[in-house]
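In structure tokens, the next block holds one chain alone, the form predicted on its own.
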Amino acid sequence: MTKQHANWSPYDNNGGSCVAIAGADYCVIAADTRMSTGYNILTRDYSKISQLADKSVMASSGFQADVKALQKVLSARHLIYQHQHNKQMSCPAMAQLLSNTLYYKRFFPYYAFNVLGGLDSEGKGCVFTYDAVGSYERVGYSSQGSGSTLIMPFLDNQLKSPSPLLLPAKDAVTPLSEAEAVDLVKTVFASATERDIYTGDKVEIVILNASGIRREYMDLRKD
């Protein structure tokens, strides 16, 4: 009889999808609210979106225990920054902090796949996309999570940004209006929910612009 070793892992993948789109003067960050493990739905109403600063919002999929730990670290680091500099962190500064925080744990990583969205110092929309160990890039739009393989080709088809290799360098922001971007996010989630069992129940959409922050919700299929 062959010995069977217990195959324990410190990680789990709780599924779910995140999307962010940057515009000329706005940023839309969205994520579904389903949290699963394997074929079980743990809850249908879990927010994957966290506001890190006035103009920085992070959406995270992957292992939600690691995501919570990461959010706590970023929150503490931001508080220290506020005491030292007497101001809120800008979105590009928060992007660098998130990269450093993830890279610091690269030998036992946070199993979290993040998109960070917000407004930069000029008031333009910005989106930063990450891997689990802190490699990041500023883009016009991005998606992470279990539905990203379905969502990203759709966004590429609708919004393909100019190549960063083209000179002179062009803006990464998308040409859509704010309302069009929100409609597009609703469409991609409705599509992804049809084919990905880990995405569904409800989509939470956070819209950041000069006048502040607001949230919208849309129901998705529940099976």
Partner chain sequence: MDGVAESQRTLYPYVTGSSVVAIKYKDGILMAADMGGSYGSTLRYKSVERIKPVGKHSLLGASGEISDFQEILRYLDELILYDNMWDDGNSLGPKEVHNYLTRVMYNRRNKFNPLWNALVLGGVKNGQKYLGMVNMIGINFEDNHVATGLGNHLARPILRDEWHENLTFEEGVKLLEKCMRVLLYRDRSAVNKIQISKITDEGVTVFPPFSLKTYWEFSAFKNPTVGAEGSW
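Residue numbers count along the first chain shown, from 1. Just so it is clear, the model here is predicted, and its values are computed rather than measured.
Separately, the form predicted in complex with its partner chain exists; it is not shown, and the next lines address it.
Of the stretches 23-31, 61-69, 165-173, 191-199, only 61-69 has residues with a heavy atom within 4.5 Å of its partner chain in the predicted bound form. Its partner chain is not shown here, but in the predicted bound form it comes within 4.5 Å of a heavy atom of Thr43. Within 4.5 Å of any heavy atom of its partner chain in the predicted bound form lies no heavy atom of Leu184. Although the partner is absent from this view, Tyr110 contacts its partner chain in the predicted bound form, with a non-hydrogen atom inside 4.5 angstroms. Proximity of Ser211 to its partner chain in the predicted bound form: non-hydrogen atoms within 4.5 Å are absent; the residue sits far from the partner.
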